[in-house]
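Shown next as structure tokens: one chain only, the form predicted on its own.
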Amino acid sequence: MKALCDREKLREALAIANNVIPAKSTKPILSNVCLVATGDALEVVVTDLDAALRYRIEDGVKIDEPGTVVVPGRVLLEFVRDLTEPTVTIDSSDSSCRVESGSDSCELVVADPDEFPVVARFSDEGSLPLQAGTFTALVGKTAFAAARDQGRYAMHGVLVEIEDGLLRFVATDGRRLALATAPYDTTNYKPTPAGANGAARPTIVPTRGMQLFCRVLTDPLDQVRLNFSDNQVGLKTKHAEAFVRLVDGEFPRYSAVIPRECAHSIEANADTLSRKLRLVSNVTGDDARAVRLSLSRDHLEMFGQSSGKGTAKAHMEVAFKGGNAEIAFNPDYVLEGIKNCERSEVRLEFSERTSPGKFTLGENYVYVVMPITIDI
């Protein structure tokens, strides 16, 4: 194959592709990138067998000889990244691949294209159309709450539910839970296979997969498509098709964790609450990250302490409903949620010091944090 390509377009595609290439693998072929030159485009294809990406470069590409070449992915990215000329020429034979730009060039070893795994093509049938900005917003509001600890495999991702005109994302690590929803166009969505009420079955998309999808979404106004199968989910954009193997497991019954009716509630300015929480959390210990919230009429006091650092208090005015009450949270969990708050005010509701705290961070955004029961 022989292709002339805009350097920046190629660098961008290779940078995204290298998020899929494994750092270490028992299959050396997976450390490579497959370049496919067709009549009007250059495709960059990578996979680690759990995730796969097909990125299509059309602008700034001239194909002199169609063909396929498989070369070391990270080496190619690092070489292209340090080039300065605006265009790159890729010229390959059966034994080597020459990458040239201006007076700079390198010769890369090539692998057998027949050994490179087959990466599927995206199917529009049964796919869900939505705006890129909607998808990235849902991921940003939820994925941070997914589990990272070993042994919680079914929580190592985001649960996706599509039903009743709503796209619902849920993530939890057992200590906090984030739930965000957004409407979708029911007239252009015909799921297959269908479940109850014509909805696709709930699926768990690994956090790493969600991050890959977000990396290929460059314009929030672009229309993209999601397609779910029995074992993988695919995302299609104008330039990319990305695929991720689904998490196999049973997601917790999250609806049972979200409080329905609460005895106490406050409305507080999100920025002020964040600042005050950070102030108090500075004195808490690494082994006991806890801040006590004491509520009284229109007043919130925050208190933290540790034997090695000292004590700290902060006060702020709030809109208050209920009686005097106390509850303690890990401040890091609360701050991570408030960071994604969609409005200037945040609402906190709870019933007892041992019951979950429900933070309403937007019209369609709920964040639940389990309390800490230690005495502080």
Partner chain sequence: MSLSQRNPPAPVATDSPFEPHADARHQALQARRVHARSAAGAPETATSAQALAHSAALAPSAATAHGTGPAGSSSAWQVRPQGGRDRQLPPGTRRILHLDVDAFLASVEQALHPHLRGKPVIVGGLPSERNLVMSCSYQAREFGVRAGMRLAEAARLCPRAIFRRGDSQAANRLREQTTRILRCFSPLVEVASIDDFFVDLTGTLALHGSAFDAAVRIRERVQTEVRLPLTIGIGTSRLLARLAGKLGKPGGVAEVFSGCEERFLAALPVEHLPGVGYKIGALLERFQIQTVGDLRAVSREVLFSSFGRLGLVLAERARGVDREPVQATHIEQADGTLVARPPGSIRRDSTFEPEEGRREIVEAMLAYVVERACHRLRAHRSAAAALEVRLRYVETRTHVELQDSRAEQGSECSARRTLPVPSDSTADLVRAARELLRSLPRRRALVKRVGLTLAPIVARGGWQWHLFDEHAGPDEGAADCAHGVDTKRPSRADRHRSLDETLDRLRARVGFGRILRGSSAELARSHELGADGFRLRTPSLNQ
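Positions refer to the first chain, counted from 1. Predicted, not measured: the structure shown is a model, and the values here were computed from it.
The form predicted in complex with the partner chain exists for this protein as well; it is not shown, and the discussion that follows is about that form.
Taken together, Val118, Thr136 and Gln211 are entirely out of contact with the partner chain in the model of the complex: none brings a heavy atom within 4.5 Å. Among heavy atoms of Asn340, none comes within 4.5 Å of the partner chain in the model of the complex. When contacts are judged by a 4.5 Å heavy atom cut-off, Val257 counts as touching the partner chain in the model of the complex. Among heavy atoms of Glu250, some come within 4.5 Å of the partner chain in the model of the complex. The partner chain is not drawn, but in the model of the complex it has a heavy atom within 4.5 Å of Tyr333.
You can rule out all but one of 152 to 160, 119 to 127, 89 to 97, 223 to 231: in the model of the complex, only 152 to 160 has residues with a heavy atom within 4.5 Å of the partner chain. For the options Arg176, Lys141, Lys236, Lys276, the one in contact with the partner chain in the model of the complex, meaning a heavy atom within 4.5 Å, is Arg176. Think of it this way: in the model of the complex, the partner chain has a heavy atom of just one of Ala288, Ala263, Leu166, Cys106 within 4.5 Å, and the residue is Ala288.
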